[in-house]
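First, one chain by itself in structure tokens, the form predicted on its own.
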């Protein structure tokens, strides 16, 4: 597959689907999502979540205004999130971004995801030493 040299809503959707396909197979991050949404990315719980995430990342990368929500709020009810879980999430996300986008384009997602993860950990009271 040729790496994308620009961000479009279509390749954001490919990125989100590819990423969560990896997440479901991951022993560290997967259980959190499976507990809330199940283990089939095509089920009726995952479909609206995927759309929400496509809208979220499209708003960040494209200025798309289709996302309206609070991305942090659902994380307060998850419990047992740790710095290690966020680090694994970022590792999987970076791998996915690298498989979809050219480095200069992917850097946008990587920078924003690190900032978002840091803000989430701070707001959830997850501190690193």
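Residue numbers count along the first chain shown, from 1. Values in this document were obtained by computation on a predicted structure and should not be read as measured data.
There is also a form predicted together with a small molecule; it is not shown, and the following applies to it.
Student: Go through 81, 41, 62, 51 and name the one with a heavy atom inside 4.5 Å of the small molecule in the model of the complex.
Tutor: Contact with the small molecule in the model of the complex is made by 81 alone.
Student: Tell me, yes or no, whether residue 29 is in contact with the small molecule in the model of the complex, where a contact means a heavy atom of each within 4.5 Å.
Tutor: The answer is yes: residue 29 has a heavy atom within 4.5 Å of the small molecule.
Student: Is the gap between residue 91 and the small molecule in the model of the complex 4.5 Å or less for some heavy atom pair?
Tutor: So residue 91 does not count as contacting the small molecule.
Student: Does any part of residue 101 reach within 4.5 Å of the small molecule in the model of the complex? Heavy atoms only, please.
Tutor: Close contact is absent here: in the model of the complex, residue 101 is far from the small molecule, nothing within 4.5 Å, heavy atoms only.
Student: Is residue 18 part of the interface with the small molecule in the model of the complex - any heavy atom within 4.5 Å?
Tutor: Close contact is absent here: in the model of the complex, residue 18 is far from the small molecule, nothing within 4.5 Å, heavy atoms only.
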